[in-house]
Every structure is written in C-alpha cells, then in structure tokens.
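Next comes just one chain, in structure tokens: the form predicted alone.
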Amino acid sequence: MLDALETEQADLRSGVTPWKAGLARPSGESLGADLRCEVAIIGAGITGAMLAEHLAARGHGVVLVDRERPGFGSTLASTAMLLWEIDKPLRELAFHYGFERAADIYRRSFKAVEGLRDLIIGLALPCAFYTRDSLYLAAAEVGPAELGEEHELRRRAGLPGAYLGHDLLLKTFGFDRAAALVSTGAAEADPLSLCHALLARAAQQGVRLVRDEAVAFDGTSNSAMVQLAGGRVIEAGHVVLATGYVMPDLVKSDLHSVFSSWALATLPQRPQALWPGRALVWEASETYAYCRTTSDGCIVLGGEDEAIADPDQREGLEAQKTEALRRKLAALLPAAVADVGHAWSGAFGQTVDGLPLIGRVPGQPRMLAAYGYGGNGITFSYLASRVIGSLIGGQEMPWFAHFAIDRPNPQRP
C-alpha cells in the first residue's frame, strides 16, 4: 500500500532574489515506462543536487525527481550563509545533551563546512564561493557574560574563535554592540549557481533527472516504490526524500515546525560602507537578524522570522517585513545606503534543538530523508549527503544518532 504524499504543497518562496542561474542543468525527462534504479532522490534543490553528485561519485545509479525547475524552490530563497555555528548555542545544546555530545555536534558542523569548501574548490564549482569569518553579536537577552560563557565552551570543544569586547569590536569591525565572538571557518556562496553546478556534475556521472511529481511512496518492502503523478512507477533500492521544507506525512517528528523568513539585498555599496573582511554577521538572540555581502558589494540581510506556513499570509507581510529589515540595516550599519535591490521571503523548517532530521525514516527501511535545517541550510545539506551516502553504502556511525529523525524531544520529560 502506497503512503500518500500531500499534493497541495505550499509555495516555498516569493519575491525576487539576487542569485544567478549557473551551469546548464540536465534537462528533465518524462518517463515513457516504469523505471528501476539503485537510488531515487525526490527533490532537485541544493540537498538533492548534493546527494546526487555524492552518490553518483560513490558508484550508485541515481535518478533525481522534481516537479519544479531544479533549484528554483527553497534553494533560491536561501541567503547561503555557510555557518558551522548552529541556531542553538553550544551552552544550550550542552544543557540538553551534555557537553561531550553537544561539542561533538558542533565539531561535526565545523567539519561539514570544511568538507563543503573542499568539494567546491576541488571540483572548481562556479558559485561565487568565498571563505569568511563569522561574527556573533551580542543582542537582546545575550550580553557579554553569556558570550563569554559560550566562548569558553567552544574553547573546551576545540573550536576556533575569539571574544571581542565593545571597544575592540567597534575598532575592528565598526559594530556598536556590547560584545561579539569572531570565528574562522565560515563561507558564502550563490546557492542557485552551486545547485546547478552540482547538478551538472551529477549529470556527467550518469544521474538522470525526471520532471514529474512524486505523489506516493512505499519503503516497507525489499525495494522502495515511488508513484509519479504522470502514472509511472519508480522502483528503487533506496528512496531519499529531500523536498525542502515540504515534509510528507510519513516523516513524523514532534521536533519540526515550519517558519517563514524575510530577506533583502541592497544595491551595491561603496566599499567604505562595508565592514572589514566582510564576515558573516548574525545576532546572538532567539529571533536574530543576519547579514552578508555579495561579490558585487550588495548587503544581504534577513530575519523577522515568524511561525507562518501559509504562503499568502507570508507574502502579505512582505512590504512590512522589508521595511523592518531596512530599519535594522540602518541601525546596524549607519554608513550603508539601505536602497533595496531585491526583497523576498521563504518557508523553512526548524527543530526545537536546532539540529537537522537526517537518516532512516522510521517504519520505512528503504527510505531515508533530510529535513529541518534551520539557519544552517547548505551546511546541513552537505552533512545530510555524507550521512545518507554512508547509510546507503551500509556504513553506520554512532554519531548519526545526533540527527536521527526519531530522536527524543529534549524539551519533553
């Protein structure tokens, strides 16, 4: 019996982003007959593209299925701040999971950005990729004392970084905040170009792209089945769900919820209006603003997150949210000109512990999934590709349990 997927999928983004289409994508095909393959990946956004490239490089026969133009869903709404720092600070993760487990999670995230960098550079993927520092600013309920505690825990975990008091922060970066942590190991990219470059590489390795909608699945037998809207069926050794923030009913987790976020990109700035080193900047508060630059000197700033899943409601708030972001930009960077070149919004999945949902789908032995990336979208996409690649290859590591879909909710007794 096929387990139906909700076919009314929310519009994942609205507005216009500054990202550019990259290398030629593989042209999608319509199936004229049922198909058998080793791995079927549902979703050709950045996660699906990364999975396809990685699994093909490991020698698997891969079919990629998407109803949309690849990369033009959730991926296009990403601000592509490639941070290893997780939405939940190390001190909060340590409270829930203990220091050793929390420190291991943070180190895995750090290694994921490092691995992503090596992949992009090693394959010479054209995606406006630049390594950056990250700057974690005191904000709202998080002041110098809390940042000092976070810095000490990171030091114990072997993670890079330095604590900056107000005067040194203002002198070094020009931000008038009480304190900050500055760390190496982050990066930025154009997410659409990166997605298309990975898809082009995957196509070179034999990956097929099917343009159709997957409407139902069954992963309970010796092989998995995918029912397509066009009437054809794909039989696969494994099916991987990588459908952005649209989670099918068979993937159940009380850790996950859908939020909306808004972003803008300014017109190109004068060089003196930008902060030294163009670090990725984000605030140390529960609802934080975040910003980066683009290769042509625009400032990308996002935030104003709300627990909204309805696309019409999200789009209706766009003018109000864009103006709120302009005010935040003016307060954070008084020298910048807050003229908006692009404004957009998108849905994203987040979890109560800030960690992704990656691994086997409970009760579906032939199905795997990757969801709930929060603010670490592309970082966790890379992590998902490596974890799922290992699981399909028959290799399971104890640390995979950090991200298991059925892990207990730490906020419940």
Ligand SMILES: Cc1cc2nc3c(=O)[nH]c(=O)nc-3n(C[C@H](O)[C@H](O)[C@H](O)COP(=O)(O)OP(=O)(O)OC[C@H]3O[C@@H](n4cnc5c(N)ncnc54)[C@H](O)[C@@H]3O)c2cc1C
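This one's a predicted model, so the numbers in the text were calculated from it and none came from an experiment. All residue numbers are counted from 1 along the displayed sequence.
Only in words, not in the display: the form predicted together with the ligand, which the text now covers.
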Looking at the ligand in the predicted bound form, is some heavy atom of each of Thr79, Thr243 and Ser261 within 4.5 Å of it?
yes
For the chain shown here without its partner, which stretch in 360 to 368, 382 to 390, 66 to 74, 30 to 38 has non-hydrogen atoms within 4.5 angstroms of the ligand in the predicted bound form?
66 to 74
Can you pick the one in Asp212, Glu318, Asp104, Asp218 that has a heavy atom within 4.5 Å of the ligand in the predicted bound form?
Asp212
Evaluate Tyr290 for contact with the ligand in the predicted bound form, applying a 4.5 angstroms cut-off between non-hydrogen atoms, and reply yes or no.
yes
Should Ala52 be counted as a contact of the ligand in the predicted bound form, where contact means heavy atoms within 4.5 Å?
no
My question is simply whether Gln350 lines the interface with the ligand in the predicted bound form - judged by any non-hydrogen atom within 4.5 Å.
no
Residue contact check: Gly45 to the ligand in the predicted bound form, 4.5 Å heavy atom
yes
Within 369 to 392, the residues having any heavy atom within 4.5 Å of the ligand in the predicted bound form are Tyr373, Gly374, Gly375, Asn376, Gly377, Ile378, Thr379
